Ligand SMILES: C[S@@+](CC[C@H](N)C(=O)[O-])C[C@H]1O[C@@H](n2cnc3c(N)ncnc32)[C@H](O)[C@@H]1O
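Shown here is one chain on its own, the form predicted alone, set out as C-alpha coordinates.
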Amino acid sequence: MLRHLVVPDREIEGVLSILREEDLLGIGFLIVPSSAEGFRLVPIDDAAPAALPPPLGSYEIEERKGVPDKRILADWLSQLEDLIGKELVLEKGDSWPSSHEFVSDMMIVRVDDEVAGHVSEIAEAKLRSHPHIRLILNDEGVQGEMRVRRLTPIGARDGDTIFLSKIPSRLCNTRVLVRESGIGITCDPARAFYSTKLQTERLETVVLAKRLREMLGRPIRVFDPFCGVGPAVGALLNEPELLGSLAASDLNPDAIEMLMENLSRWDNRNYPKKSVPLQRLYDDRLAGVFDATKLRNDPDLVGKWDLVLVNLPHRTIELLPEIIPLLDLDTPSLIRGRVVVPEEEIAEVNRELVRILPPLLEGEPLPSLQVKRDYSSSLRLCSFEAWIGSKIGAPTGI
(Lines give C-alpha, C1' and ligand atoms only; values in the text may rest on other atoms or scores of the structure.)
Protein backbone atom coordinates (compact mmCIF):
# COMPACT_ATOMS: atom_id res chain seq x y z
CA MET A 1 0.00 0.00 0.00
CA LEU A 2 1.17 3.54 -0.79
CA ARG A 3 0.14 6.78 0.90
CA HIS A 4 -1.51 9.36 -1.36
CA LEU A 5 -2.41 13.00 -0.66
CA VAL A 6 -6.04 13.86 -1.44
CA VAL A 7 -5.64 17.12 -3.37
CA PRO A 8 -8.19 19.40 -5.09
CA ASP A 9 -7.64 19.51 -8.86
CA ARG A 10 -6.81 23.24 -8.83
CA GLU A 11 -4.01 22.73 -6.29
CA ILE A 12 -2.26 19.79 -7.96
CA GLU A 13 0.58 21.75 -9.58
CA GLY A 14 1.43 23.57 -6.38
CA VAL A 15 1.48 20.37 -4.33
CA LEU A 16 3.63 18.61 -6.92
CA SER A 17 6.12 21.48 -6.82
CA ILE A 18 6.45 21.22 -3.03
CA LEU A 19 6.71 17.41 -3.08
CA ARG A 20 9.48 17.57 -5.69
CA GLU A 21 11.35 20.27 -3.78
CA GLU A 22 11.16 18.27 -0.53
CA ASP A 23 11.96 14.95 -2.30
CA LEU A 24 8.67 13.49 -1.06
CA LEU A 25 6.97 12.60 -4.37
CA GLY A 26 6.30 8.93 -5.03
CA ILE A 27 8.49 8.54 -8.13
CA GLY A 28 7.35 5.90 -10.59
CA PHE A 29 3.65 6.07 -9.64
CA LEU A 30 0.76 7.87 -11.30
CA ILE A 31 -1.54 10.56 -9.96
CA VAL A 32 -5.00 8.94 -10.04
CA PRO A 33 -8.59 10.19 -9.67
CA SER A 34 -10.10 10.23 -6.21
CA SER A 35 -13.53 8.83 -5.41
CA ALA A 36 -14.42 12.39 -4.37
CA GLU A 37 -15.31 14.58 -7.36
CA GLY A 38 -12.83 17.38 -8.00
CA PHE A 39 -9.95 15.66 -6.19
CA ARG A 40 -6.99 13.52 -7.19
CA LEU A 41 -4.62 11.24 -5.31
CA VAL A 42 -0.94 12.18 -5.39
CA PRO A 43 1.55 9.42 -4.43
CA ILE A 44 3.98 10.07 -1.56
CA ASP A 45 7.41 8.50 -1.30
CA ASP A 46 7.59 5.50 1.06
CA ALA A 47 10.41 7.22 2.99
CA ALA A 48 8.35 10.37 3.68
CA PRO A 49 7.80 11.07 7.39
CA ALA A 50 4.43 10.38 8.99
CA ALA A 51 4.04 14.08 9.81
CA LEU A 52 4.46 15.98 6.54
CA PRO A 53 5.76 19.57 6.55
CA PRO A 54 3.31 22.46 6.00
CA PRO A 55 1.26 22.92 3.95
CA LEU A 56 1.28 19.23 2.95
CA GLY A 57 0.17 18.21 6.43
CA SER A 58 -3.18 19.92 5.91
CA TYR A 59 -4.27 17.45 3.22
CA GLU A 60 -6.02 14.17 3.96
CA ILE A 61 -4.08 10.97 3.28
CA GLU A 62 -5.51 7.87 1.61
CA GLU A 63 -3.69 4.54 1.49
CA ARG A 64 -4.12 2.47 -1.64
CA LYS A 65 -2.08 0.39 -4.04
CA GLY A 66 0.17 2.60 -6.16
CA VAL A 67 -0.39 2.60 -9.92
CA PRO A 68 3.02 2.25 -11.67
CA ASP A 69 3.89 4.94 -14.21
CA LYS A 70 5.06 2.92 -17.21
CA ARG A 71 6.08 6.10 -19.03
CA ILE A 72 9.07 6.54 -16.73
CA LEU A 73 11.78 4.38 -18.19
CA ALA A 74 14.14 4.63 -15.22
CA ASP A 75 15.73 7.18 -12.95
CA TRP A 76 18.02 9.65 -14.69
CA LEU A 77 21.30 8.11 -13.46
CA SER A 78 20.29 4.77 -14.98
CA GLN A 79 19.72 6.60 -18.23
CA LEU A 80 23.12 8.24 -17.86
CA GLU A 81 24.75 4.85 -17.33
CA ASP A 82 23.26 3.71 -20.64
CA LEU A 83 24.86 6.72 -22.35
CA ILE A 84 28.35 6.83 -20.80
CA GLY A 85 28.74 3.61 -18.82
CA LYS A 86 28.29 2.71 -15.17
CA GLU A 87 32.01 2.95 -14.39
CA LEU A 88 32.23 6.65 -15.33
CA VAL A 89 29.02 7.46 -13.45
CA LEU A 90 30.49 5.88 -10.31
CA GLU A 91 33.85 7.60 -10.84
CA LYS A 92 32.32 11.09 -10.85
CA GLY A 93 30.09 10.25 -7.87
CA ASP A 94 28.45 13.28 -6.24
CA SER A 95 29.59 15.62 -9.04
CA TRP A 96 26.53 14.73 -11.11
CA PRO A 97 23.65 17.25 -10.75
CA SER A 98 21.35 15.25 -8.48
CA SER A 99 18.98 18.14 -7.73
CA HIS A 100 16.94 20.15 -10.18
CA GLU A 101 14.11 22.67 -10.26
CA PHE A 102 10.96 22.33 -12.34
CA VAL A 103 9.48 25.55 -13.74
CA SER A 104 6.44 24.57 -15.80
CA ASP A 105 7.78 22.39 -18.64
CA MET A 106 11.41 23.39 -18.00
CA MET A 107 14.03 21.83 -15.77
CA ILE A 108 16.87 23.89 -14.31
CA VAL A 109 20.06 22.08 -13.26
CA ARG A 110 23.50 23.22 -12.17
CA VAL A 111 26.33 21.33 -13.89
CA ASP A 112 29.59 21.32 -11.93
CA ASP A 113 32.88 21.92 -13.72
CA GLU A 114 33.89 18.36 -12.83
CA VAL A 115 31.27 16.93 -15.23
CA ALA A 116 30.88 19.86 -17.66
CA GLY A 117 32.35 17.74 -20.44
CA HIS A 118 29.28 15.50 -20.26
CA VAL A 119 26.64 18.23 -20.34
CA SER A 120 24.92 16.80 -23.44
CA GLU A 121 24.65 13.34 -21.90
CA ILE A 122 23.30 14.87 -18.68
CA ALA A 123 20.63 16.74 -20.63
CA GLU A 124 19.66 13.66 -22.63
CA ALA A 125 19.42 11.48 -19.52
CA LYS A 126 17.24 14.06 -17.76
CA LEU A 127 14.97 14.39 -20.80
CA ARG A 128 14.64 10.63 -21.14
CA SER A 129 13.62 10.19 -17.50
CA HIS A 130 11.19 13.15 -17.44
CA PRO A 131 8.98 12.91 -20.54
CA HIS A 132 6.94 16.03 -19.67
CA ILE A 133 9.99 18.33 -19.87
CA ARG A 134 10.48 20.54 -22.95
CA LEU A 135 13.70 22.35 -22.07
CA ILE A 136 16.75 21.70 -19.87
CA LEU A 137 18.67 24.77 -18.69
CA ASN A 138 22.05 24.94 -17.00
CA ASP A 139 22.05 27.44 -14.12
CA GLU A 140 25.31 29.38 -14.21
CA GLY A 141 24.46 31.50 -11.18
CA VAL A 142 22.64 34.69 -10.23
CA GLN A 143 24.21 37.73 -11.82
CA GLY A 144 23.98 41.49 -11.43
CA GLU A 145 21.88 43.79 -9.31
CA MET A 146 18.66 42.34 -10.73
CA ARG A 147 19.39 38.85 -9.32
CA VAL A 148 18.75 37.24 -12.72
CA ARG A 149 20.01 33.73 -13.31
CA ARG A 150 22.17 33.05 -16.33
CA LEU A 151 20.42 30.07 -17.90
CA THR A 152 21.91 28.25 -20.87
CA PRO A 153 19.81 25.73 -22.87
CA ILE A 154 21.58 22.34 -22.97
CA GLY A 155 18.78 20.14 -24.27
CA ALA A 156 15.21 20.26 -25.55
CA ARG A 157 12.41 18.03 -26.75
CA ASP A 158 10.05 18.42 -29.68
CA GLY A 159 7.67 15.48 -29.71
CA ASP A 160 9.85 12.38 -29.94
CA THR A 161 12.94 14.32 -31.05
CA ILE A 162 15.63 15.38 -28.56
CA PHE A 163 17.96 18.28 -29.41
CA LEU A 164 21.34 18.55 -27.66
CA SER A 165 22.88 21.15 -29.99
CA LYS A 166 21.53 23.71 -32.45
CA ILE A 167 18.35 23.79 -30.38
CA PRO A 168 15.55 25.56 -32.31
CA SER A 169 14.81 28.98 -30.85
CA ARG A 170 11.10 28.15 -30.61
CA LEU A 171 11.97 25.52 -27.99
CA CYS A 172 14.12 27.90 -25.94
CA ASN A 173 11.38 30.25 -24.78
CA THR A 174 11.78 30.66 -21.00
CA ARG A 175 8.62 32.74 -20.39
CA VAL A 176 6.06 30.32 -18.97
CA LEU A 177 2.94 30.13 -16.82
CA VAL A 178 3.36 28.09 -13.65
CA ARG A 179 0.70 26.94 -11.20
CA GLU A 180 1.33 27.51 -7.52
CA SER A 181 -1.08 27.27 -4.60
CA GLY A 182 -4.11 27.65 -6.82
CA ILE A 183 -2.88 30.62 -8.88
CA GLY A 184 -1.18 31.05 -12.25
CA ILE A 185 2.12 32.95 -12.29
CA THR A 186 3.71 34.34 -15.45
CA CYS A 187 7.47 34.17 -15.00
CA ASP A 188 10.71 34.03 -16.93
CA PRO A 189 13.64 32.90 -14.75
CA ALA A 190 16.06 34.16 -17.41
CA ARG A 191 14.73 37.75 -17.10
CA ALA A 192 13.56 38.07 -13.49
CA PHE A 193 14.25 36.14 -10.32
CA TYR A 194 11.70 33.42 -9.64
CA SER A 195 12.12 30.13 -7.82
CA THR A 196 9.61 27.36 -7.21
CA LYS A 197 11.79 26.37 -4.24
CA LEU A 198 10.39 29.29 -2.24
CA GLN A 199 6.78 28.15 -2.46
CA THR A 200 6.80 26.75 1.08
CA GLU A 201 8.21 30.09 2.32
CA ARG A 202 5.40 31.95 0.61
CA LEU A 203 2.77 29.70 2.18
CA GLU A 204 4.33 30.21 5.61
CA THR A 205 4.06 33.97 5.00
CA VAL A 206 0.33 33.57 4.32
CA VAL A 207 -0.09 31.81 7.69
CA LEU A 208 1.74 34.67 9.47
CA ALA A 209 -0.29 37.28 7.57
CA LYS A 210 -3.56 35.63 8.62
CA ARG A 211 -2.41 35.75 12.23
CA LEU A 212 -1.61 39.47 11.86
CA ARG A 213 -5.07 40.07 10.38
CA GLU A 214 -6.65 38.38 13.40
CA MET A 215 -4.50 40.50 15.70
CA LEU A 216 -5.52 43.75 13.99
CA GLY A 217 -9.13 42.79 13.33
CA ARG A 218 -9.06 44.02 9.72
CA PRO A 219 -7.49 43.28 6.31
CA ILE A 220 -3.79 44.08 6.40
CA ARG A 221 -1.67 46.49 4.36
CA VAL A 222 1.30 44.78 2.69
CA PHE A 223 4.41 46.15 0.99
CA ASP A 224 6.76 43.90 -0.99
CA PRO A 225 9.65 46.15 -2.13
CA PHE A 226 11.53 43.24 -3.77
CA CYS A 227 8.50 41.63 -5.39
CA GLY A 228 9.97 40.17 -8.58
CA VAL A 229 7.09 38.84 -10.69
CA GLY A 230 4.93 38.81 -7.55
CA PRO A 231 4.57 35.22 -6.28
CA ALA A 232 4.51 36.29 -2.61
CA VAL A 233 1.78 38.89 -3.12
CA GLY A 234 -0.10 36.44 -5.35
CA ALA A 235 -0.29 33.92 -2.50
CA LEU A 236 -1.58 36.68 -0.18
CA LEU A 237 -4.16 37.93 -2.70
CA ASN A 238 -5.43 34.39 -3.12
CA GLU A 239 -6.52 34.33 0.54
CA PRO A 240 -10.02 35.87 0.81
CA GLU A 241 -10.27 39.13 2.76
CA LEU A 242 -6.65 39.01 3.83
CA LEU A 243 -5.28 42.07 2.00
CA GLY A 244 -6.49 45.63 2.15
CA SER A 245 -3.86 47.85 0.56
CA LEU A 246 -0.95 46.42 -1.42
CA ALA A 247 2.29 47.93 -2.69
CA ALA A 248 4.74 45.96 -4.84
CA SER A 249 7.96 47.28 -6.34
CA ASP A 250 11.19 46.01 -7.83
CA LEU A 251 14.25 47.49 -9.47
CA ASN A 252 13.94 45.16 -12.47
CA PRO A 253 11.60 46.53 -15.22
CA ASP A 254 11.23 43.03 -16.72
CA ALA A 255 9.96 41.73 -13.37
CA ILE A 256 7.46 44.58 -13.09
CA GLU A 257 6.16 43.98 -16.61
CA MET A 258 5.34 40.37 -15.64
CA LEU A 259 4.00 41.52 -12.26
CA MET A 260 1.44 43.70 -14.06
CA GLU A 261 0.25 40.72 -16.09
CA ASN A 262 0.00 38.64 -12.92
CA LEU A 263 -1.86 41.33 -10.97
CA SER A 264 -4.38 41.61 -13.80
CA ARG A 265 -5.00 37.89 -13.45
CA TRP A 266 -5.14 37.74 -9.65
CA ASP A 267 -6.87 41.03 -8.90
CA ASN A 268 -9.46 41.01 -11.71
CA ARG A 269 -8.52 44.60 -12.59
CA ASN A 270 -6.80 46.25 -15.51
CA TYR A 271 -3.11 46.96 -14.99
CA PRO A 272 -0.57 48.50 -17.40
CA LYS A 273 0.70 46.17 -20.12
CA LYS A 274 4.25 47.41 -19.67
CA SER A 275 6.59 48.27 -16.83
CA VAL A 276 5.90 51.63 -15.13
CA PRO A 277 7.54 53.60 -12.29
CA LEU A 278 6.07 52.98 -8.83
CA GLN A 279 2.70 54.74 -8.73
CA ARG A 280 -0.80 54.47 -7.32
CA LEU A 281 -2.79 52.48 -9.86
CA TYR A 282 -5.89 52.16 -7.67
CA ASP A 283 -6.79 53.61 -4.27
CA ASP A 284 -5.53 50.44 -2.61
CA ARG A 285 -2.86 49.34 -5.10
CA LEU A 286 0.62 50.74 -5.77
CA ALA A 287 3.04 49.00 -8.11
CA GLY A 288 6.01 49.73 -10.32
CA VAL A 289 9.76 50.08 -10.64
CA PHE A 290 11.51 51.63 -7.66
CA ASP A 291 14.79 51.50 -5.78
CA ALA A 292 14.01 50.14 -2.31
CA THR A 293 16.88 52.09 -0.77
CA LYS A 294 14.92 55.30 -1.45
CA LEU A 295 11.53 54.24 -0.11
CA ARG A 296 12.02 55.93 3.26
CA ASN A 297 12.26 59.30 1.45
CA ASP A 298 8.68 59.11 0.16
CA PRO A 299 6.20 60.52 2.72
CA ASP A 300 3.32 58.77 0.93
CA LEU A 301 4.89 55.39 1.75
CA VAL A 302 6.37 55.87 5.21
CA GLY A 303 4.41 54.60 8.22
CA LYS A 304 1.60 53.02 6.18
CA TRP A 305 2.18 49.24 6.21
CA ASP A 306 1.39 46.32 8.53
CA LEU A 307 3.52 43.66 6.83
CA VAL A 308 6.74 44.27 4.88
CA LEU A 309 8.55 41.49 3.00
CA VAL A 310 12.33 41.63 2.62
CA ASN A 311 13.41 39.10 0.00
CA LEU A 312 16.92 40.21 -0.88
CA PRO A 313 18.84 37.69 1.24
CA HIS A 314 22.38 38.93 0.57
CA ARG A 315 21.47 42.49 1.66
CA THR A 316 18.56 42.09 4.09
CA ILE A 317 20.45 43.11 7.23
CA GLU A 318 22.04 46.05 5.41
CA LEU A 319 18.69 47.28 4.08
CA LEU A 320 16.55 46.83 7.18
CA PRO A 321 17.14 50.43 8.40
CA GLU A 322 15.76 51.65 5.04
CA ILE A 323 12.73 49.34 5.24
CA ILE A 324 11.68 49.77 8.88
CA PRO A 325 10.27 53.33 8.36
CA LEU A 326 7.60 51.84 6.07
CA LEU A 327 5.90 50.16 9.05
CA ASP A 328 2.90 51.64 10.82
CA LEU A 329 4.18 51.63 14.41
CA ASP A 330 0.85 52.76 15.87
CA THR A 331 -0.29 49.12 15.77
CA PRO A 332 1.50 45.73 15.83
CA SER A 333 3.28 44.95 12.57
CA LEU A 334 5.46 42.27 11.02
CA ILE A 335 8.64 41.98 8.98
CA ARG A 336 9.20 38.74 7.09
CA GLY A 337 12.69 38.32 5.63
CA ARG A 338 15.35 36.00 4.27
CA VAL A 339 19.10 36.10 4.92
CA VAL A 340 22.15 34.32 3.52
CA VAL A 341 24.72 33.98 6.29
CA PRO A 342 27.66 31.78 7.35
CA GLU A 343 26.42 29.19 9.83
CA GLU A 344 28.86 30.31 12.52
CA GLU A 345 27.46 33.88 12.34
CA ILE A 346 23.77 33.03 12.85
CA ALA A 347 23.80 33.84 16.58
CA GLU A 348 25.49 37.18 15.96
CA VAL A 349 22.99 38.08 13.21
CA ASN A 350 20.13 37.24 15.58
CA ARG A 351 21.52 39.78 18.05
CA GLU A 352 21.99 42.32 15.23
CA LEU A 353 18.35 41.90 14.19
CA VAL A 354 17.13 42.78 17.67
CA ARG A 355 19.49 45.75 17.82
CA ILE A 356 18.29 47.17 14.48
CA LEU A 357 14.57 46.61 14.91
CA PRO A 358 12.09 48.85 16.72
CA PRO A 359 10.67 47.65 20.06
CA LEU A 360 9.36 44.13 19.58
CA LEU A 361 5.85 42.93 20.36
CA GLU A 362 5.56 41.80 23.95
CA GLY A 363 4.77 38.12 24.32
CA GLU A 364 6.21 37.13 20.92
CA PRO A 365 9.54 35.29 20.54
CA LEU A 366 12.61 37.23 19.48
CA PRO A 367 13.39 37.15 15.75
CA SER A 368 15.63 34.19 15.05
CA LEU A 369 17.10 32.92 11.78
CA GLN A 370 15.67 29.56 10.77
CA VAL A 371 17.91 27.59 8.42
CA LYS A 372 15.94 26.52 5.35
CA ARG A 373 18.68 24.98 3.21
CA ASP A 374 22.36 25.14 2.33
CA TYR A 375 23.17 28.01 0.00
CA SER A 376 26.75 26.79 -0.45
CA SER A 377 29.21 24.68 1.52
CA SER A 378 29.64 27.47 4.10
CA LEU A 379 26.52 29.66 3.72
CA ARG A 380 22.98 28.98 4.91
CA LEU A 381 19.75 30.40 3.51
CA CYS A 382 17.58 31.41 6.45
CA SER A 383 14.24 33.07 7.06
CA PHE A 384 12.90 35.06 10.00
CA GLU A 385 9.85 36.93 11.18
CA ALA A 386 9.94 39.91 13.52
CA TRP A 387 6.79 40.99 15.35
CA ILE A 388 6.99 44.70 16.03
CA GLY A 389 5.12 46.32 18.92
CA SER A 390 3.10 49.51 18.76
CA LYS A 391 4.56 52.79 20.04
CA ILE A 392 2.77 52.34 23.32
CA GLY A 393 4.03 48.79 23.79
CA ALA A 394 6.96 47.87 26.01
CA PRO A 395 10.24 47.02 24.23
CA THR A 396 11.60 43.52 24.22
CA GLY A 397 15.29 42.82 23.66
CA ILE A 398 18.43 41.06 24.70
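The first residue of the sequence shown is number 1, and the count goes up from there. Computed from a predicted model, the values in this text were never measured in an experiment.
Keep in mind that the form predicted in complex with the named molecule is not shown, yet the notes after this line are about it.
Screening 195-203, 279-287, 160-168, 116-124 for residues having heavy atoms within 4.5 Å of the named molecule in the model of the complex returns a single hit, 195-203. In the model of the complex, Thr293 approaches the named molecule with a heavy atom inside 4.5 Å. Proximity of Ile317 to the named molecule in the model of the complex falls outside the 4.5 Å heavy atom cutoff. At a distance threshold of 4.5 angstroms between non-hydrogen atoms, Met146 is in contact with the named molecule in the model of the complex. Using a 4.5 angstroms limit between non-hydrogen atoms, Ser245 is distant from the named molecule in the model of the complex.
Only one of the listed residues (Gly155, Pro225, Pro189, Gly234) places a non-hydrogen atom within 4.5 angstroms of the named molecule in the model of the complex, and that residue is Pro225.
In summary, among the residues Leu251, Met215, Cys172, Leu208, the only one with a non-hydrogen atom within 4.5 Å of the named molecule in the model of the complex is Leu251. Annotation for 295-312: interface residues with the named molecule in the model of the complex are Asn311, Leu312 [heavy atom within 4.5 Å].
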